[in-house]
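In the block that follows, a single chain appears as structure tokens, in the form predicted on its own.
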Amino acid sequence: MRAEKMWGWFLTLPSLIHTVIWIGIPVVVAIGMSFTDYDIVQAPTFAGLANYAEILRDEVFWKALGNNALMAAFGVPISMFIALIAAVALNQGLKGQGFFRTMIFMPHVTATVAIAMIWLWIYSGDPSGLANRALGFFGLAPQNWLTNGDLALPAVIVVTIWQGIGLKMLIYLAALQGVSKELYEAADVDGASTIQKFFNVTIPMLRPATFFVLVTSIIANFQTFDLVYNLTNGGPANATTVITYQIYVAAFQQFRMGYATAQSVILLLVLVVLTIISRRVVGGTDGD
């Protein structure tokens, strides 16, 4: 027994060292730096809680946090639902399902810059943009999708949904392979319809996968940066700004490292709280 424990520690030692060096130490340093005034050029000076007090008064930061919350509230459930439907449909042994799986997963492995370029054309404000061509087909006036303060954030949310479906679908597909066919056969004996089997067998059996997808999707949503940077630069008038973009502005445009790390610490706390809430809502098992 003692030898097994020693082998266990020995085998986990590489990942433990990696975690401490690349995650643990940076987090501790960031927390310490968040209490300083540091501009890269001069040595950091202790500032106490000044950075956190400024965050409480920073309307742009709370605007960014609100935008992240809206993106998560609308984007994550919609993309999870579409991914689940796609996974169930592509798990039926349909002809050409390999092609459709590849096409749906393709946006996840495509560089975000390339995706942004495509959607910049789709959302182009002139009549040649694909979205405005679609509106013109129905006789509607063209829109400035990314420069209109009311349309910019929904337009970005649509892109996040489209980009996030592939990975979620892949996780659901893997989880569906573990659902026992005997459960569906028992449901058939009881006369359950396809919809009843979906809600009473498939969804409950996918609960651990749903918890994993929900948590990772929320974290990925709050880490969104490159898409916003390339599509809107946080505009117009901070309508699409997010927390990571504000951290970038504070750190690399204003050179306020102490303030940027304080924002990062707030983001970390938000993600911890959302993870706990997600576990409560979805009801992940102890083995998650």
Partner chain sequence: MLNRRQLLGAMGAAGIGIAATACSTGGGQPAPGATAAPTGELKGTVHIVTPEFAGTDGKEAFEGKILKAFTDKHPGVTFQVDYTPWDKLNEKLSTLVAGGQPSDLLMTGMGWTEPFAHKKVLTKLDKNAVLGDAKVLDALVKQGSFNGDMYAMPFLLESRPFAYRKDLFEKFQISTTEPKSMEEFNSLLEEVKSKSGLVPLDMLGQNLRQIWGQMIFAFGGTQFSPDGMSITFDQEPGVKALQWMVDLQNKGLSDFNFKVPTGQPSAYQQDKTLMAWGSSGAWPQWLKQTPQLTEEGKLGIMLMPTVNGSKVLYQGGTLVGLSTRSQNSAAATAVMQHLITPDALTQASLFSGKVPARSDLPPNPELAKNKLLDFSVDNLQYSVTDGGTPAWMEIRGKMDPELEAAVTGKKSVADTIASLKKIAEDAIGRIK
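Numbering follows the first chain given and starts at 1. Keep in mind it's a predicted model, so treat the numbers as computed, not measured.
Beyond the structure shown, there is the form predicted in complex with the partner chain, which is absent from this document and is the topic of what follows.
S.K.: Tell me which stretch of 228 to 236, 65 to 73, 215 to 223, 25 to 33 has a heavy atom within 4.5 angstroms of the partner chain in the predicted bound form.
M.R.: Going by heavy atoms within 4.5 Å, the stretch is 228 to 236.
S.K.: Would you classify Phe255 as touching the partner chain in the predicted bound form, given a 4.5 Å non-hydrogen atom cut-off?
M.R.: Answer yes; at least one heavy atom of Phe255 falls within 4.5 Å of the partner chain in the predicted bound form.
S.K.: I'd like to check something about Gln97: if you look in the predicted bound form, is any of its heavy atoms closer than or equal to 4.5 Å to a heavy atom of the partner chain?
M.R.: Result no; Gln97 lies far from the partner chain in the predicted bound form.
S.K.: Taking heavy atoms and a 4.5 Å cut-off, does Gln42 contact the partner chain in the predicted bound form?
M.R.: Although the partner chain is absent here, Gln42 would touch it in the predicted bound form, with heavy atoms inside 4.5 Å.
S.K.: Taking 4.5 angstroms as the cut-off for heavy atoms, does Asp190 touch the partner chain in the predicted bound form?
M.R.: Contact check for Asp190: no, nothing within 4.5 Å of the partner chain in the predicted bound form.
S.K.: Using heavy atoms only and a 4.5 Å cut-off, determine which of Asn91, Gln163, Asn144, Thr202 is in contact with the partner chain in the predicted bound form.
M.R.: Partner contact (heavy atom, 4.5 Å) among the options: Asn144.
S.K.: Let me know the one among Gly136, Gly149, Pro154, Pro208 whose heavy atoms come within 4.5 Å of the partner chain in the predicted bound form, would you?
M.R.: That would be Gly149.
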